[in-house]
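Take a look at this single chain, the form predicted on its own, given in structure tokens.
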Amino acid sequence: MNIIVCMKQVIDLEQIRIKPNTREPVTKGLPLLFGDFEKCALEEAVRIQEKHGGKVTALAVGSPKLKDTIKEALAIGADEAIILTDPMFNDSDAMGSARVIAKAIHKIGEYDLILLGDSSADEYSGEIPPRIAELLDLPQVGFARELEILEGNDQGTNTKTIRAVRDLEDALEVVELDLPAVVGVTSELNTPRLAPLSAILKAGRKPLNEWGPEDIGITADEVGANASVVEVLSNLAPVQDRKEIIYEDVEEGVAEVVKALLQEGVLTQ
């Protein structure tokens, strides 16, 4: 099983602060990491490899800091990593990002399974897995919370399929796909392992390749801000009108809060 895991580098959302005067998020200088969905995808790839053999390749698009971030994926169990950090890829929308990933996967060439988070921690659009599948003309399944590789024999030829349990919120759906395929996973799939110190030390010795636009055959009119059809109108935090009233007596405070909520129509008698 040759598995490609698409990893997305995001800022640490827990450390975002809001400017009180402009309501703009402060993201400059925040640490970059991989989201929980991506870590679950990587963990599942390593588990499949441990059971069926093969190779796990971590693929990521992002800033030059990926050279450090991707070492986590190598420590967890990826055999090699490929990163794409050219400024041309900056400010791509979902379609542009999918084009970059699909072309990189096409260059890699040999693969049985493509795993990635069903959504990302920062945008949560869920667009990338189906777009990659469409560009590569592969079957795709999303919202996967359980995966199983099935091996069979068809007219003397060894065949592999993947069985996925999809989380549809009000129901679970079991589907099977012929490989190669694209699978978007949820955080319910597994609990990602913590890399031991020995694996972290070995990560720096694993193959790490950095590709640019010319390596994957992509042009400026396909990616980046110029190719984006999405316009961000605002990313400001909601307006918060705080009363800043403090009650030192609990009983009095509860009564006054209920009274205020009744007056403002938040509660009804």
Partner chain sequence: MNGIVVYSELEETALGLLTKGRELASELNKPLSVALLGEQAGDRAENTFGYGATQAFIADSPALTPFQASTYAAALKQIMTHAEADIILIGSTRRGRELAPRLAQKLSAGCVTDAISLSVEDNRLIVERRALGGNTVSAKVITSQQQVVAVMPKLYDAEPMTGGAGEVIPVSLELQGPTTKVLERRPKEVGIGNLEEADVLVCIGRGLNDKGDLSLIQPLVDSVGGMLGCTRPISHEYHWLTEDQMVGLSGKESSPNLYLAIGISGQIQHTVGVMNAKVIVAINNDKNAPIFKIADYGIVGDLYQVVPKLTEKLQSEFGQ
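Residue numbers count along the first chain shown, from 1. Quick caveat: nothing in here was measured; it's all calculated off a predicted structure.
There is also a form predicted in complex with the partner chain; it is not shown, and the following applies to it.
The three residues I11, E169 and T186 all sit with a heavy atom within 4.5 Å of the partner chain in the predicted bound form. Comment: 122-130 is the region of 103-111, 122-130, 193-201, 70-78 lying near the partner chain in the predicted bound form, near meaning a non-hydrogen atom within 4.5 Å. In the predicted bound form, the partner chain lies within 4.5 Å of some heavy atom of A237. In the predicted bound form, at least one heavy atom of S228 sits within 4.5 Å of the partner chain. Contact check for K243: a non-hydrogen atom falls within 4.5 Å of the partner chain in the predicted bound form. Interface residue remark: M95 is counted as part of the site for the partner chain in the predicted bound form, having a heavy atom within 4.5 Å.
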